[in-house]
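Shown here is one chain on its own, the form predicted on its own, set out as structure tokens.
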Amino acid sequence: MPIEIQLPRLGWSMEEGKFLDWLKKDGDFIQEGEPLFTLESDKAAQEIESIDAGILHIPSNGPKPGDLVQVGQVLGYLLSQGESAPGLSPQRAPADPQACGLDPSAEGKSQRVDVSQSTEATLPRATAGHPASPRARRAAKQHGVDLSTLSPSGQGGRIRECDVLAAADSTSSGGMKSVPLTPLRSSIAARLMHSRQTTVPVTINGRCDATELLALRRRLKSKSSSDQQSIGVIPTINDILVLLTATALRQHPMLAARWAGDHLLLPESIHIGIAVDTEAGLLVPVIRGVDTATLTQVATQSQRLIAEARAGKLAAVDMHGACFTLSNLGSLGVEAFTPVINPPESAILGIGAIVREAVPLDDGSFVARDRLTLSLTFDHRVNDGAAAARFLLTLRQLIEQPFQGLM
């Protein structure tokens, strides 16, 4: 009989995801373990694999790229040779992640769909022409919202919980427009709350002279322009700071440590996350092996990760494994701020804008210099203030003499 391909639950809190595209064509024979489709959940695009084999049937009324699909929803089928294809079944809601053959502890990894199991169908109840999900009905009862007055936003004209909450907010918000949370924004909020609840954050600030840092950047641009054979990327200020930060972490490894209850964990390699502002929200891809990489290698990784993040093509694996994060708001004119630690890391560095200032000399005269503010937030459980201050001092010295720091 046909084997259903359902949308898996990739985490305990997941209710829906964005279907991106099929990775195979209708009629292709699917081997066990082959990826079937790509799904965007929380912050990343993930390939979903099959643990069964068969001929792929993609129904004409199945989800299209960009559609929001619910956990348990049937997306397609795997058929035996000569077997006829059924129409799409009603949406299903598995009671737990194992109903889709998933490991709930494996969030952010490529998941394998157990399409050999099925679950009891949970059908939405009809309400004046529009079906509504169980969560929507519960929310409507709680907030006193008449479902028949709502415009559905779900697939197939289905009223979702967010439709009910938006209507409830509009009646009590003095005419303010309600904007439903996206899965990414909800994920960001959850991680921020997790950071607040599991760390003891303290922020210290330091200022340094960025004159030589800018001179190095100009030299790299000039060298690239004059080198006719050059096809590599030009490192940015942020790329240089990433490499200098790795150098400072080698001298102060406890700033890269993780709190693990009754012990601390120190990384074998230095992987640094870089905060990237995208239209969908903040993403933090990870540059690997910075402690053993050249500046060009760091710049190449950085350029690729930023491009994929802003194109919505960043894989979950690209956002895991960092031991330290850099967040740069300098391009937006922010001079100093309090960055939030990205768990399970224990520290994050905020990079401010480079500002031209008059600096006094010993003889009483003034000279114009480029100044940069660094804001280091660290988990006080892992490091004391003096240890964090020593790391920041080392980094300031490296920034003021970047030619030596990169040698």
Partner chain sequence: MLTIRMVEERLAKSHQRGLIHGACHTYVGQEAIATGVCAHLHNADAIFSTHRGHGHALAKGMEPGQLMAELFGRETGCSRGRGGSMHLFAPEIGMMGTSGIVGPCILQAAGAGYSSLILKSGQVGVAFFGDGAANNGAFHEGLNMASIWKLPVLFVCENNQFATEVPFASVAGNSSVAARGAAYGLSSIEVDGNDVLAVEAAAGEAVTRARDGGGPTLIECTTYRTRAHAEGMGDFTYRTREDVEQWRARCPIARLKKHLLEHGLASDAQLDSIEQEVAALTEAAHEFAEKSAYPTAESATSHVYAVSANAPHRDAPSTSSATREITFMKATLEALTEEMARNPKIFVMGEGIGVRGGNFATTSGLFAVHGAARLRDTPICERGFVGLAGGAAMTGTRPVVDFMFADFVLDSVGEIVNQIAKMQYMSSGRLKMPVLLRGCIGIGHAAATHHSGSYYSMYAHFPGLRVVVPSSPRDAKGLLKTALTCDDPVLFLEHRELMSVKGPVPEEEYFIDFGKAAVVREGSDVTVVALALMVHKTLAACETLAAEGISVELIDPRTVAPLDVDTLLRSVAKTGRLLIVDEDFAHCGISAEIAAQLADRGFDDLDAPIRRLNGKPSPTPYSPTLEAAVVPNVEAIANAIRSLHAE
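Positions refer to the first chain, counted from 1. For the two forms, the rigid core is made up of the largest set of C-alpha atoms that agree within 1.5 Å on superposition. From a predicted model like this one, the values you see are computed outputs, not experimental measurements.
The discussion below concerns the form predicted in complex with its partner chain, not included here.
- Although the partner is absent from this view, Ser133 contacts its partner chain in the model of the complex, with a non-hydrogen atom inside 4.5 angstroms.
- Not displayed here, its partner chain is kept clear of Lys223 by more than 4.5 Å at the level of heavy atoms in the model of the complex.
- For Glu161, a non-hydrogen atom is located within 4.5 Å of its partner chain in the model of the complex, even though that partner is not displayed.
- Contact check for Gly72: every heavy atom lies farther than 4.5 Å from its partner chain in the model of the complex.
- Put simply, of His320, Arg310, Arg137, Arg288 only one has a heavy atom within 4.5 Å of its partner chain in the model of the complex, and it is Arg137.
- Checking Gly273, Gly76, Pro235, Gly154 against its partner chain in the model of the complex, a heavy atom within 4.5 Å turns up for just one residue: Gly154.
- Contact with its partner chain in the model of the complex, defined as any heavy atom within 4.5 Å, is confined among 246 to 254, 330 to 338, 146 to 154, 278 to 286 to 146 to 154.
- A movement of the C-alpha atom of Leu192 falling short of 2 angstroms is seen between the shown form and the other one when the two forms are aligned on their rigid core.
- Cys162: CA moves 2 Å or more between the shown form and the other one after rigid-core fitting.
- Core-superposed comparison between the shown form and the other one: the Cα of His320 travels less than 2 Å.
- In the model of the complex, the Cα positions of Leu147 and Ser187 lie at least 3 Å nearer to each other than in the form displayed.
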